[in-house]
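Next up: a single chain in structure tokens, the form predicted on its own.
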Amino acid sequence: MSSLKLRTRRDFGKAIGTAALAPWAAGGAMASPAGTAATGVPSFPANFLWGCATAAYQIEGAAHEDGRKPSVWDTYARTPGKVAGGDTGDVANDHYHRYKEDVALLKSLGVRAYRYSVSWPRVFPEGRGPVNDKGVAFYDRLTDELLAAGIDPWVTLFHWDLPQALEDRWGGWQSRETAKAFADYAAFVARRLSDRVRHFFPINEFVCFIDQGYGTGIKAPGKQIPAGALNQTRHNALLAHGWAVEAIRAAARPGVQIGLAENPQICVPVIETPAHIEAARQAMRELNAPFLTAILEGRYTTAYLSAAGRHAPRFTPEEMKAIASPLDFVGLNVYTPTHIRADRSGAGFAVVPLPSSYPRMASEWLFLDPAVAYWAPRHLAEIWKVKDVYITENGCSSDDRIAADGCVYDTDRVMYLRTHLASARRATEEGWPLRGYFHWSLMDNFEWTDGYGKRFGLYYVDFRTQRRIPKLSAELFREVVRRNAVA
């Protein structure tokens, strides 16, 4: 498939075709319908998991401390013109030093889970080889602090901060050597943390660090490689995920669960009629053929390979088996819709372009349709029979300002959360297997190429003083968690 013109972190590649269902996912079960909260508002299931999510490079700072060496994002952010305002993650939220304060923020929200990522170059500064004990010790401290606060750590092993040493040595994800190094790193972290961490995500959002990092060049490491090389790089990243799943299972203590954290196109039928719903199901599989479908089905769709032609990735049956290594749950990062209508073409569906008047949030890519929080778990259950689904990211940017009274009245985020959570509540009420929700993000942070100009947090961060200020949305989310219902 030819190189895709992706504009932002949530844009996705498109391909069409058919494939068989993965054996691991067969026999999916539906969630038990929820009850009613004391307020009379329908509630989420009693064991529904509420959490928040962040990523290492976006909040940790301490980029040159305690043995950490550069990631590709350190290098990219220092390249003139790549990041708004010339911002970097050198200090970010100073979470490396202020993690106790930030865990207290989580506790004040009442959440029971926190999804954080481990910085690969903080643990293995060269990508492989000697372990950086001081770097590992930070994640010991953070994990222990969370558990002491009654919050379960859900750990992502790769959220885009590839060690620069591996990019320099092998061309990063262009080489399978990087995939092998990642599996070794995953095994080490699992051995170290699995006495306390019970949930691991190997990789976050393939399309962002592959298609945008090596295809369009709008994310680190900022390359634009040919179509055939890009498809092979995609395959290498899938191998890394599969090998890491195997490595974690071999290294971790019994009972650890492993899942996916992917941002596929969420296909929403333009109207909920049988024909459009079926078209959206077909589109969900085919438009996500390079990543999500390949992992859940253990094969590339026929049409994806046909569309790629001579640029198709090279692979073996053994590699596809590794890529489809069984998962315990699937997490989807849910933001924008892809509207689908039924069509008489061979594909059976067509994408409906968004008009120029279509509503969006502060980020130009963040188009608004709360129905994505309903269709994400429904598609996973209907198409792939997935039994346990989590929304591992959902949230929005806002033009946040501190009012004269010192408060931040982010009413647009309140609207966004309330409507998306109502849609998620519809999913649980109908019995689709949505088990939990992680808000993106706990606090404002380094938002990749937007620098510090786009704010996604429940807490406002004054990056000059590092003061954290709860927004109106934090009050809303706290009340949602307390009630276990939309507030």
Ligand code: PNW
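The model shown is predicted, which means the values in this text are computed figures rather than measured ones. Residue numbers run from 1 along the displayed sequence.
The same protein also exists as the form predicted together with this ligand; that form is not shown, yet it is the one meant from here on.
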In the predicted bound form, T428 touching this ligand (heavy atom, 4.5 Å): no
Just to confirm, Y335 within 4.5 Å of this ligand in the predicted bound form by heavy atoms? yes
Is the gap between H159 and this ligand in the predicted bound form 4.5 Å or less for some heavy atom pair? yes
Using heavy atoms and a 4.5 Å limit, would one call F438 a contact residue for this ligand in the predicted bound form? no
Using a 4.5 Å heavy atom cut-off, which of 181-189, 322-330, 289-297, 201-209 contacts this ligand in the predicted bound form? 201-209
Among D400, D102, E167, E393, which has at least one heavy atom within 4.5 Å of this ligand in the predicted bound form? E393
Single option in N263, N236, T301, S117 placed near this ligand in the predicted bound form, where near means a heavy atom within 4.5 Å: N263
Going by this ligand in the predicted bound form, which residues of 358-380 come within 4.5 Å of it through any heavy atom? W365
